[in-house]
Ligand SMILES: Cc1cc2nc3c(=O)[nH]c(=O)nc-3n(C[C@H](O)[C@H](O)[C@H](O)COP(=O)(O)OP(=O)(O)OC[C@H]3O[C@@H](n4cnc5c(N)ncnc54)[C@H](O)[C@@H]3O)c2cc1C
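Next comes just one chain, in C-alpha cells: the form predicted on its own.
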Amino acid sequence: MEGPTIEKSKVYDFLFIGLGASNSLILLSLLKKKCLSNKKVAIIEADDKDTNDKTYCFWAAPSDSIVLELAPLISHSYTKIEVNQSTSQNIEDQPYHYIKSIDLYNHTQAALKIDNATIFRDTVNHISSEGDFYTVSSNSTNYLASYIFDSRPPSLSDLGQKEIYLHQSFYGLHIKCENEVFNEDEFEMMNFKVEQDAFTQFIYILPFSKKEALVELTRFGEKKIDVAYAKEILNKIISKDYGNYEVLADEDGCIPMTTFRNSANSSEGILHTGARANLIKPSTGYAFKRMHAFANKTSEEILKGNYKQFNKLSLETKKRFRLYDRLLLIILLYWPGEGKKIFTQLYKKQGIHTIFSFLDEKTTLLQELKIFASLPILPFLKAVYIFFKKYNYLRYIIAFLAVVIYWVFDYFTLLSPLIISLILIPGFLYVGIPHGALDHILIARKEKTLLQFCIKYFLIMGIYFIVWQFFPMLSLLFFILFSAFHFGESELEEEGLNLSSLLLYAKAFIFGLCIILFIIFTHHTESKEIISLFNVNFPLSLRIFDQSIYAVWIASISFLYILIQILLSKKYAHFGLLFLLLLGIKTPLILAFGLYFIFQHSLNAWGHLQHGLKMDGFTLYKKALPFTLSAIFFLCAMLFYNSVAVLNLNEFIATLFIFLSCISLPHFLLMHLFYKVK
C-alpha cells in the first residue's frame, strides 16, 4: 500500500477495538506468552465498566488450560447439575465454572497497566487503510495501527432469505433468601416449569451460597424478553420455591443465535474477534470456551511471527455441526413450542457428559446418531424439509426424481412424451411463466397506466413474432444472445454481484452463453432437427458444428468455463447448476432445457423478486395471475396458428421456443432494469 509518510512512533503495533471477553482473553494470552514486549498496544473501549453486567460460564476438566489459566478469576465451580427438575448428576470430572465479567475486565486492565498499554475511552466509527497502516477513526480523533483486533458486533440487519436470526435473551436476579434453600455445589439449567408463551423459555439457577443465587429467565425466540414480564415470572417462582428474598443485583442481555457467518475482513491486518469472528455457537449461545481457544490460536501465530493471512485466523467448525445448529434454529423459529419437548427429551435420554461433548462438538457421528434417535423425529423431519427448501436443495432432489421417473418410463417405452409434459407443465405453471408475469410491477411509473404498459409489452412480443416468420435465423441468434445475458445476469445476481462494470457485463453474457451452448451441443442432433423446422440455413462456416466432435468440444469447454467461474467465486451452492446440466444430458432437449429453466433460472429469479419487491409468494402469485393467464392464452394461440405442433413433438418444441423468445424479450429488458435498481 502506498500513502503519505507516517512517523512510526505514532503508530500502535496492536490496536484492540473493545475490551469484552474475546479481546480480553487474547490480550491475556499474548501477555502470558510475552508477545507484547516492546510493542505499542492501544485499546479503544467506550465504557468504563464498574459493575458486573455479564456472566461467563463453561464446563471444563481441572487440568484443562482454560481452568489453569483463568483459575484466579473463577469465583464459583459446580460439581453437580440438575436439569429440568431431574435427578442430580455428578460432574466432578468436568465442573461447571462461573466467572464474573467485571473480574475478567479488571484483571485484564491490571495486567495491561504493567505492560504500559493505553486504554482510550472512545467509540470507533470506521477503519480505513493509510499507507502501510490502518486508520481507526472516532468522532474526536484518529488512531494508527499495524494490526487491529475488531470485536464490534457484526451487522445482522439484513441477512437475506436464507439465514435465520433469533435472540437468546435473558433477565436474572441475584437474590438473597431468608432461609438456606440452595445447594451451593449444584446448579440447575433448563428448568421448563415456566409458561412457554409461543417461545422456548426456561429457568437457570446458579447458587453462590446456601442463601444466595442468580435466578435467570432465558428465552429463545424472535422477540426479546421484556424486563417487566421477566420480573413478574421470576418473582412468582422465587416466592413460591424459596420464600422471602431481597434483590442484590440484576443482569440482562441478549446473545445472537444465527446461521449467518460473518466473512473475514478483506484487509490482511484486521482480525475479527468475538461474535464478529463467528465464535458464538448458533444453537446455544455458548462462546467463552471458543473465545479462549481462539485467543490461544491467535497468540500462537503471533508468537511465531506469522502474520500472513492474519485476517483469516479462525476456529474451524465441522460442517455437520453447522447443519445440526441450522436444524434446531429452524425448529425454534417455525415451531418454538417444540423446543421444550426436544431439550426435555435430550437431557432425559442422554448423560450430561455426552451432552457436554456434543455441545463442544467432540462427539463421533455414531454418538450423534444415537442422540438424534432419542429425540422427537417429526420436528427434525420438518426442519430438514425447510432446510432443503431454504437452501435450494429441495429443487435438485425434485429434479432428480423427475428425471428418474422419465428414465423408468422411457426404458419401458411407456408414454415418454406424456411423462415429459407431466414434469414440465407444472413447473412452467408454478414458476416458469409466473416469474415473468410480474413485469408490470417491476417499474412503477406514475405517468404510465397499466394499459399503456400492456400495449407496449404486447407490441414488442408481436413484432418479434412477426420477425420470426420472415427472419428465423436472425431471430434465433437474437434469442440466444439476449437469453445468454439474461441467464448469466440472474446467476451473478445469485452470487450477490450487480453488473457495475463492462467486465461483469461480459462475464454475465459468457456465463449464460456457456449454459445455453452446453444444453444445445449435448443434444446437437436433436437441436439440428428442431432448428431445421425454423427454415434456418446456416452459413457454410457454421456447418462444421454439425459434426459430433465439435459438439463435444463446445459442450466440454462450456462446462469447464462454468466450473472454473464457480470455483473462483467460491459460491459452491452453484454446483446445483452443474448438477442440473449434467442431469439433462441423458434426457430429451426440451426436458434438459426445462430442468435449467424451471429448477434453476425461474426459481432463482422468483427468489430475487420476493426479496427485491419485499412480497411473499402468495402476493406475487396474485399479482402475476392475470399475465400468467395471458401468456397461456398466447401459447394456445400460437399452437392454433401452427396446428401441426399439437401432434408433432419437434414442432411443439419449436413453437414453444418461439413462444418463450417472444415473452422473454420484454421480460429480459425489465428484469435487467430491476436488477440495476435493486
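From 1 onward, residues are counted along the sequence shown. None of the values given here were measured: they were computed from a predicted structure.
Not on display, but discussed next: the form predicted together with this ligand.
Candidate site A46, C254 and I280: all three near this ligand in the predicted complex by heavy atom within 4.5 Å = The answer is yes: all three residues contact the partner (heavy atom, 4.5 Å cut-off).
Using the partner position in the predicted complex, report whether G274 sits within 4.5 Å of this ligand, counting heavy atoms only.
-> Judged by the heavy-atom cut-off of 4.5 Å, G274 is in contact with this ligand in the predicted complex.
Interface membership of T123, this ligand in the predicted complex, 4.5 Å heavy atom rule = T123: yes, in contact with this ligand in the predicted complex.
Non-hydrogen atom contact R152 with this ligand in the predicted complex at 4.5 angstroms = Yes, R152 lies within 4.5 Å of this ligand in the predicted complex.
Just to confirm, K40 within 4.5 Å of this ligand in the predicted complex by heavy atoms?
-> Heavy-atom contact with this ligand at 4.5 Å: absent for K40.
Contact residue in the predicted complex, from I74, A287, I342, V83 (heavy atom within 4.5 Å of this ligand) = Spelling it out, the residue with a heavy atom inside the cut-off is A287.
Looking at F634, Y56, F627, Y621, which has any heavy atom no more than 4.5 Å from this ligand in the predicted complex?
-> If I apply the 4.5 Å criterion carefully, the residue I get is Y56.
For the chain seen here without its partner, which of 297 to 305, 190 to 198, 354 to 362, 115 to 123 has a heavy atom within 4.5 Å of this ligand in the predicted complex?
-> Result of the contact check: 115 to 123.
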